[in-house]
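Quick heads-up: it's one chain on its own, the form predicted on its own, in structure tokens.
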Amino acid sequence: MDTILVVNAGSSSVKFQVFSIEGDGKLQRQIKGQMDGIGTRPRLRASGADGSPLADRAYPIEAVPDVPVAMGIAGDWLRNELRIIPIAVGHRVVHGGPDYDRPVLIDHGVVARLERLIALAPLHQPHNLATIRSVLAKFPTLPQVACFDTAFHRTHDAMADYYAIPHQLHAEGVRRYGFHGLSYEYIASTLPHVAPEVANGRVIVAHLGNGASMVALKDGRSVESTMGFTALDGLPMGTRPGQIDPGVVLYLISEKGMSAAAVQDFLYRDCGLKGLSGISNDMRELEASDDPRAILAIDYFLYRISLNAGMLAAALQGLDAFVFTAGIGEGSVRIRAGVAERLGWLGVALDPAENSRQARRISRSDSRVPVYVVPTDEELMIARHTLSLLSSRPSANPNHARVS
């Protein structure tokens, strides 16, 4: 059975999925797993396509000190115990910069170019690249494909792409990129089946999770996004502030004496819902709390979503549908209700019963703007891109890429 391994590496976890390639060229999810708690309480967990447990193993802290080791343990388990030897590996890479507007086969030159973007995605890019380098070192002939969170947004026109800065900086790559593109691409590909009547219209998609952003889709293409040069911009997130006056950064440096590295760490790790509430970056914990600061953090999150919805509706010159996705968007009845209430002026009318039962469409039948909840699947999108790129290679039988 030919399989594709999909890898999404973070700072303390490596998530992976295995897809089989069926005879008709379709992809079938076989395994979903992760090695988390890297550096603290390492644990390998995995389940089959039907949810049945395949592994649940704890490791000593010193046995899994970093992401490459975690990747090696997960890979050894797949190969040695399940006899799964993938014909290719697809990776989520957060930032593609100005060079990459589509998935690409990885070589050492690609890795070198992507390393230059680490400062633009310090929470993600180093770990994305660590797993790629690990596989390159162990299996240099195994095809690897980088799939970028920025690529889907490269359809923006100049008005959405530029900052009001000298052109030379734009030419060097200082521009608005947008992120969560793999999620948005999946939603755009799914809408024709979920809601064909609006799929080619003007749609706002809210990817609400620990990382959060929104996109304006027109004819299934990204025309505007809340995120920009880095994944700090736009909506408040679990630990990131979202939109902030650049003068705040200057103040932290000049008046608080913080270094650039300290400011970066502060903005990526200590702000957002965590900073506002002083309690947690987890929306579930905030919703369970009656602390006034937790309530403030939730209300601020809702307020900023509604403000950005207005901006995106302006970019689209109208609105035909609104879609929630990702962890909070798919899971929180309260957040969806709060957003819908604030978007009544756009024609949104929520059906509380449908919202509570987690229906696919959660707006009333008379809502001028229908509202949907569509689960995202970034891993499937990566597997599709990997298979497509592998199939388009001019030469070879993909089985020749097998490793043992």
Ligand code: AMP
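Throughout, we count residues from 1 along the sequence that is shown. Bear in mind that the values here come from a model prediction, so they are computed numbers and not experimental data.
What comes next is about the form predicted together with the named molecule, which is not displayed.
Enquirer: My question is simply whether Ala326 lines the interface with the named molecule in the predicted complex - judged by any non-hydrogen atom within 4.5 Å.
Expert: Contact check for Ala326: yes, within 4.5 Å of the named molecule in the predicted complex.
Enquirer: Against the named molecule in the predicted complex, would Ser332 count as a contact residue? Criterion: heavy atoms within 4.5 Å.
Expert: The answer is yes: Ser332 has a heavy atom within 4.5 Å of the named molecule.
Enquirer: Can any non-hydrogen atom of Gln125 be found within 4.5 angstroms of the named molecule in the predicted complex?
Expert: Contact check for Gln125: no, nothing within 4.5 Å of the named molecule in the predicted complex.
Enquirer: Can you check whether Arg284 is within 4.5 Å of the named molecule in the predicted complex, heavy atom basis?
Expert: Contact check for Arg284: yes, within 4.5 Å of the named molecule in the predicted complex.
Enquirer: From the list Gln243, Gln264, Ser189, Asn210, which entry has a heavy atom within 4.5 Å of the named molecule in the predicted complex?
Expert: Of the candidates Gln243, Gln264, Ser189, Asn210, Asn210 is the one lying within 4.5 Å of the named molecule in the predicted complex.
Enquirer: Mind telling me which stretch in 132 to 140, 275 to 283, 227 to 235, 152 to 160 gets its heavy atoms within 4.5 Å of the named molecule in the predicted complex?
Expert: That would be stretch 275 to 283.
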